[in-house]
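Next comes just one chain, in structure tokens: the form predicted on its own.
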């Protein structure tokens, strides 16, 4: 699930190619769960520090650490106010440029609604058709995941030359369950030894070319089987 409301992604993707993203979703039997999202730019920290010393690059304003911090804090505080979202934590390591978000959600609908509200707020409450998409559903022992279209739109706004740099990065999507997985539709998936977690790994560039790479339907073992 490519959540682009984490400000560091959009601020640095145009400047830095080597980024590691981990999208980690844990789901409980009642539909509640935990969402974790990590952006790791540590392998590019020398380049980032050089960029932060500039006022602008290729006509784009380079944000200061203070501006990044204020923007991130604003987004996190807004997320904390959303119904069905709790235990929000955000850790920003500006020495290594590693950023981690974690929150609990009461339902997948609450998680998606919170993300929609935050994105709308950050875009002046404008109507954004891509936000109407439902990218997570769970019913009858079946979880369906896809990439939010707003994420695809934002990524495609990066120019072609900068987008090519994303080939050096990685994007890992993990889904954890309260019981064993029976099967899944995405052939790129790997499953854990206890069969309670599945993982797909690709790179950010490939996602700009084919947003369906992380799409998946995951079927859990039914009770009594």
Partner chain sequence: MRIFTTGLILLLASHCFSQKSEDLVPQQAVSVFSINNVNLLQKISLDDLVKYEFMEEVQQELFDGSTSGKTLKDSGIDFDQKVNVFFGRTADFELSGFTFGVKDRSQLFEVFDDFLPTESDYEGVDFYVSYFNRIAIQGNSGILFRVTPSMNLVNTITDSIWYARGNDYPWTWEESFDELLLDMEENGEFDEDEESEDGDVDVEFFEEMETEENTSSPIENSELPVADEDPTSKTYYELRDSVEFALQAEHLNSVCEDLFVNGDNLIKFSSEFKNQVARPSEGTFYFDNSRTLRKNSDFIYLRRLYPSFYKKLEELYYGNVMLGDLIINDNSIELELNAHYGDKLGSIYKEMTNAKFDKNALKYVPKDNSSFFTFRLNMREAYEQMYEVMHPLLESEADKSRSFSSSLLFLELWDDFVNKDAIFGTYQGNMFGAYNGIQKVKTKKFVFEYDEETFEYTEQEVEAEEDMPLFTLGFSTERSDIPEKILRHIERTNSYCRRQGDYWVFNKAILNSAPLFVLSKNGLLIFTNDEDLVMNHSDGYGSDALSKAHVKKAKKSGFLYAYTDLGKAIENVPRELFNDEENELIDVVRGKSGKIEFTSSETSSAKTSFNLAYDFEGDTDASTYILDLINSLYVISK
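Given the structure is predicted, the values throughout are model-derived calculations rather than measurements. Positions refer to the first chain, counted from 1.
As for the form predicted together with the partner chain, it is not shown, yet the points below apply to it.
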Please identify, from 95-103, 131-139, 110-118, 79-87, the stretch that has a heavy atom within 4.5 Å of the partner chain in the predicted complex. 95-103
Any chance all of 216, 218 and 221 sit within 4.5 Å of the partner chain in the predicted complex, going by non-hydrogen atoms? no
Test of understanding: in the predicted complex, would residue 28 fall inside 4.5 Å of the partner chain by heavy atoms? no
Though only this chain appears here, would residue 38 touch the partner chain in the predicted complex if you measure heavy atom gaps against 4.5 Å? yes
Should residue 50 be counted as a contact of the partner chain in the predicted complex, where contact means heavy atoms within 4.5 Å? yes
Is residue 20 close enough to touch the partner chain in the predicted complex, meaning at least one heavy atom pair within 4.5 Å? yes
Which listed residue (45, 167, 183, 179) meets the criterion of a heavy atom within 4.5 Å of the partner chain in the predicted complex? 45
Report the residue, out of 69, 192, 188, 34, that has at least one non-hydrogen atom within 4.5 angstroms of the partner chain in the predicted complex. 192
Residues within 4.5 Å of the partner chain in the predicted complex, restricted to 169-189 and counted by heavy atom: 172, 174, 176
